[in-house]
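Okay, so here's just one chain, in structure tokens, the form predicted alone.
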Amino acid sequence: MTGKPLTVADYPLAENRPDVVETKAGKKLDDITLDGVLSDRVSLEDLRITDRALRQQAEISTAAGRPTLAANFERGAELVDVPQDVIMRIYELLRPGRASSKDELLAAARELRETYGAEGVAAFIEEAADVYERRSLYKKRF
């Protein structure tokens, strides 16, 4: 990812490896200044988390022996470019009693996989669909 593998010693990246921190547009951490904001050289988009930053956090988490945290960062990286309304709609479906059927969750997983390339999140939702079915969480609970 960054040439030399990231380790726990690299965390936090902004302090210990600022050379690997960059915006989606390729700006470096040193480019993110108040003067840059005031002169419109830095935009709100430059302040958003990137999939690369989340994957770097996953790499550090793996090095720290935290595979579950690493998997969460990887899934988060897949969601960076998914529109917020899509995320919120699917989030709502994942609340117990909100999806009407397993097919509804599987359709959401398919959308994430096919439209946004979010393979890990899609697999997570498919796993949830199976659990919801076993635990009868599709029916309305309120």
Partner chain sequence: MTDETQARPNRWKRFSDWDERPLRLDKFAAEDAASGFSAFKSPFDPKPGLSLGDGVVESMDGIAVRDFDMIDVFIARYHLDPEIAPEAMAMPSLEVARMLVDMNVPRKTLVRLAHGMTPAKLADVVSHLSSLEIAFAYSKMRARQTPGNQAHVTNAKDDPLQMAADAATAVALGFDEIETTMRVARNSWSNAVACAVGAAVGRWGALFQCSSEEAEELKIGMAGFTSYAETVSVYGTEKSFIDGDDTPWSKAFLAAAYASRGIKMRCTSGAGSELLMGFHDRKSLLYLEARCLCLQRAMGVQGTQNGGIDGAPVTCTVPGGMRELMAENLIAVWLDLECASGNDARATESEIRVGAKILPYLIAGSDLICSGFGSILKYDNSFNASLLNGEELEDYLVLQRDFEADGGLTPVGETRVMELRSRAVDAISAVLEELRLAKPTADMKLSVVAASGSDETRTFSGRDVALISEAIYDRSITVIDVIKALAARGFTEEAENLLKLVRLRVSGDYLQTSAVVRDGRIVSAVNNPNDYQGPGTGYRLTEERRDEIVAIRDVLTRQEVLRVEAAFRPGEVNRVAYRPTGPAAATHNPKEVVIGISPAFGLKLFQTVAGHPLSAILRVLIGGITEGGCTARVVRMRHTADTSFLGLSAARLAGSGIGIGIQAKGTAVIHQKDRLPHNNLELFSNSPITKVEHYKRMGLNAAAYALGEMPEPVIVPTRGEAMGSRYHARVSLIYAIETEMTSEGAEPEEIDVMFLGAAA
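Numbering follows the first chain given and starts at 1. The structure presented is a predicted model; accordingly, all values stated were derived computationally and were not measured.
What comes next is about the form predicted together with the partner chain, which does not appear here.
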Margin query: Taking the partner chain as it sits in the model of the complex, is residue 116 near enough to touch it, meaning that at least one heavy atom pair lies within 4.5 angstroms?
Written below: no
Next item on the list: Consider residue 111 of the chain shown here, and say whether it contacts the partner chain in the model of the complex, taking contact as heavy atoms within 4.5 Å.
Entry: no
Check: Within a 4.5 Å heavy atom cut-off, is residue 69 in contact with the partner chain in the model of the complex?
Finding: yes
Notebook entry, point to check: Closest heavy atom of residue 37 to the partner chain in the model of the complex, within 4.5 Å or not?
Noted result: yes
Next item on the list: Any residue of 106 to 136 with a heavy atom within 4.5 Å of the partner chain in the model of the complex counts; write them all down in order.
Entry: 112, 121, 124, 125, 127, 128, 131, 132, 134, 135
